[in-house]
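Heads up, the chain below is alone and in the form predicted on its own; it's given as structure tokens.
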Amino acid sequence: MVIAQRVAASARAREALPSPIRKLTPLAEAAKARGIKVYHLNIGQPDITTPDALMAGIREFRSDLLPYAPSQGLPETVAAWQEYYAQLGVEFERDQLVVTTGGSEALLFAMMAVADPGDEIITFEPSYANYFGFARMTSVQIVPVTLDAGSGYHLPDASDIESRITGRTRALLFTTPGNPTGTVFSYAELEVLGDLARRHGLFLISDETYREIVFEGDRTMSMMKVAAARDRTIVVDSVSKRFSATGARIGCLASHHPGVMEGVLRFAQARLASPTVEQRGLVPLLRNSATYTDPLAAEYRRRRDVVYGELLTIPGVQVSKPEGAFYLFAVLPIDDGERFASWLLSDFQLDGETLMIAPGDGFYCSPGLGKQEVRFAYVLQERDLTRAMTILREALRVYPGSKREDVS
């Protein structure tokens, strides 16, 4: 008799990391089923209307056939990305750009283009949590450099970063404006990263998906403007947040490095193509981006001021003022962020309402860090954000794991 042997999933599959942003969704759905209103501050899903020009471009698509786009991207979309960057003061040739299926695919392509399995990429924690997931998928090792809440999550001394560089290090990976912190690195900080990369023969993977959402200062910043690092910089970009079009799934990878771009194009050919209709619809937005992004940044600045201002008045909360994006990372007077976030959904309500937040430890690679930190995504209307902060204040007052001496 033949006995069928149980087959096992790969180690890669077994070790895949759950999203710290989405893993509490079942609790939120259960709360809603009980009739509780949930304010979603856990995920970067803007509530701002997607520009009419994009929706019109999608609705007006007329064809008897919905074909593959070229693997590099539709010619008019590649040209629109070129024009977009030229408006920032950054020039790319056509073969230095590949349209990707969101910024996520651009990040995967960038990691695979610079590192082999077992190689290391340095990033700064708290960090965009999906970096850790992408590293697992590509068998790359993430080496974290921990940022200090007291400095507003800005870069440490260059020596602290340099101490983490080994013979297996291939790149420095960072995002500015930052997710989850809202920190915007200065050009002086970018110069430090560029100098380290040049001296140690490293690539720079610069995640610039929130570029225009800056509240004070330059909204055209890019690592590509650091001349000494231009030959080793890979820009990862996306339309999701700057055009409030997260479902369009269109991003971009751009680099002046021919070897990187040759490899990225081969990766793109293997996955065939990015969405055809959305690529067409985004062309006019890329060619006139400031029309859409300037009001967007102004709106998020108002929302930032609401959340930051309210948090300053809650006893025991430690918070730095975000400089960009639409996230705020705060230290709360609690025992454990995940326990608190779960409790909000399963055991707490204020007049039939509660809120959903993202526990902070999921944004760290180093075990044990971020237990008292949480991320707020201020993607709701100001009145809803004000109400959410009222709910938070009361929750901290009655939460069993509160540091009561701080919240009484």
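Just so it is clear, the model here is predicted, and its values are computed rather than measured. Residue numbers run from 1 along the displayed sequence.
Here the subject shifts to the form predicted in complex with a small molecule, a form of this protein not shown in this document.
> Each of S222, S289 and T293 near the small molecule in the predicted bound form, meaning some heavy atom within 4.5 Å?
Not one of the three qualifies.
> Is L204 part of the interface with the small molecule in the predicted bound form - any heavy atom within 4.5 Å?
No, L204 sits far enough from the small molecule in the predicted bound form that none of its heavy atoms falls within 4.5 Å.
> Would R280 count as touching the small molecule in the predicted bound form under a 4.5 Å heavy atom rule?
Result no; R280 lies far from the small molecule in the predicted bound form.
> Might S238 be said to contact the small molecule in the predicted bound form, defining contact as any heavy atom within 4.5 Å?
Result yes; S238 sits at the interface with the small molecule in the predicted bound form.
> In the predicted bound form, does G102 have a heavy atom within 4.5 Å of the small molecule?
Yes.
> Taking the small molecule in the predicted bound form as the reference, which of S255, T181, T175, T77 has a non-hydrogen atom within 4.5 Å?
Of the candidates S255, T181, T175, T77, T175 is the one lying within 4.5 Å of the small molecule in the predicted bound form.
> Between L332, I234, L107, V98, only one gets a heavy atom within 4.5 angstroms of the small molecule in the predicted bound form; which residue is that?
When the small molecule is considered in the predicted bound form, the option within 4.5 Å is L107.
> Among 142-150, 162-170, 208-216, 116-124, mark the stretch whose residues have heavy atoms within 4.5 Å of the small molecule in the predicted bound form.
In the other structure, the partner sits against 208-216.
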